[in-house]
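Here we start with a single chain on its own, the form predicted alone, put down as structure tokens.
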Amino acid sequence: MPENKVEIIKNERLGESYIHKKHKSGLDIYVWEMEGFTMTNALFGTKYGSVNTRFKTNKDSDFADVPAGIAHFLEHKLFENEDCDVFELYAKTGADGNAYTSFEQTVYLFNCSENYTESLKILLDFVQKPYFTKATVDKEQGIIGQEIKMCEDSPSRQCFFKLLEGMFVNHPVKIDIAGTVESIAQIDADLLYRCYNTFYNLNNMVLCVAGNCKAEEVFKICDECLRQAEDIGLQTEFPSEPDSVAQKYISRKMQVSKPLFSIGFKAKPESGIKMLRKELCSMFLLELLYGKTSPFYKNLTESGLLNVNSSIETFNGNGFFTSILSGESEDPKKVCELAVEEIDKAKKNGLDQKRFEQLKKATYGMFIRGFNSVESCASNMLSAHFTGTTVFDYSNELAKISLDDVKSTIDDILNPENMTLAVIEPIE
């Protein structure tokens, strides 16, 4: 898309639209003007998460490897500018600021009911002004080290990362987003500046604003605040990952009253529209086989084998795709055995057409309800941009998908040969 050209992304059937502009600075800007809403939500994000530990630019002769946890470390440090406290600035405009680092993104955001233009200037300013010194980095190492240790005491989090450790042989997704105490000890100011200058290049970033806002006002502020960024030819690389899992069973003992478990099915990753479609198929398979309206869930909860707070999720991204059933049980191995039996039954007897139609309608309803939330609209624009899709591609694929489509993916998405059971066992 040419620089400074404005594009309207719309869906006639839904009657919804948002605006995209490729700014001359290199930044992609999305604005969703939501008439009648009082709140405004803004997200300023970079395609940089915990998995991006190997990269190069057109100025590098080869790929560089950096310690785990740097993306999260950078997120913490950007709020500390040389001459101001970002949260104090937000307090003056009435905005609520925050940030988060995921496996594939780092995002800085604010919510407000007034003065969104002033808050937007604060957001764009501080994210473009890194300030790192040895003293501030040393201090942060201690803070994040304590955070890592606290996370190690969370049974549910440890169960999830034990599952990833069991499933993935080489992919860095198996390492906690915050890194390890050992990996963050290797971080210094020079390394932070290198990662910042690589991944916080505006050509690798996106701004999404939704709610009580005007596109022209947002574009004007961007003209004032954004600095021209050279496209540095950023490339990221991941180690080769086999289809098979690293371990079929993995466990850890912790202070829990009853075992926690996660069953994960590893599948081939996709991207773009194919990723959306596979994500939908995984969601439907998990709901039909193990969801709270399934015979499996009813039978196991009534017998006491499965806690009612069990959950299902599809976890996927660049180089990874997993379908997960988690919960609490006195006999996780038995739950796993019965879960595999459900897959065999589905392949032999088919899937319930009526329940599929109900789930499809419910999913569509949840998607439509998302248009009533400024946070949801802003977040969906950001996610769509980073996956190379649009917000409306989700509903388009949902409308097209059939039960036969879902059934045809069982062997790929729920393959017991590529399954891991992770358990957090009570200390005896």
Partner chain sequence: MPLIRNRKEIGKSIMLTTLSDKKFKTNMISVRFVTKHTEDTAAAKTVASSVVVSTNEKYPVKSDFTMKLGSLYGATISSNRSKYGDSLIIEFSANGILDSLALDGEKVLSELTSMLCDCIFRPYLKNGGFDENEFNVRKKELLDTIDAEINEKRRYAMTRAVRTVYENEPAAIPYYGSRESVESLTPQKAYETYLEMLKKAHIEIFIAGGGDFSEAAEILTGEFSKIKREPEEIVLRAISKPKPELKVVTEQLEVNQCVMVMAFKSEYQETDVNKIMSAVYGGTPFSKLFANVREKLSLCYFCYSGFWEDKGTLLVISGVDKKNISLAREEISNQLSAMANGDFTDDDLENTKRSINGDVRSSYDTVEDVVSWFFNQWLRGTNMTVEERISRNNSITREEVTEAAKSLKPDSIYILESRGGEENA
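Bear in mind that the values here come from a model prediction, so they are computed numbers and not experimental data. Residue numbers count along the first chain shown, from 1.
The following text describes the form predicted together with its partner chain, which does not appear among the structures shown.
Remark: residue 412 does not count among the residues lining its partner chain in the predicted bound form, judged by a heavy atom distance of 4.5 Å or less. Interface membership of residue 365, defined by any non-hydrogen atom within 4.5 Å of its partner chain in the predicted bound form, is confirmed. The closest non-hydrogen atom of residue 372 lies within 4.5 Å of its partner chain in the predicted bound form. In the predicted bound form, its partner chain sits within 4.5 Å of a heavy atom belonging to residue 39. A single residue from the set 257, 133, 235, 228 has any heavy atom within 4.5 angstroms of its partner chain in the predicted bound form; that residue is 257. The partner is absent here, but in the predicted bound form a heavy atom of 358, alone among 247, 203, 358, 251, sits within 4.5 Å of its partner chain. With the partner left out here, its partner chain still marks one of 125 to 133, 169 to 177, 141 to 149, 276 to 284 in the predicted bound form; by a 4.5 Å heavy atom cut-off that stretch is 141 to 149. Contact residues in stretch 412 to 428 (any heavy atom within 4.5 Å of its partner chain, taken in the predicted bound form) are limited to 427.
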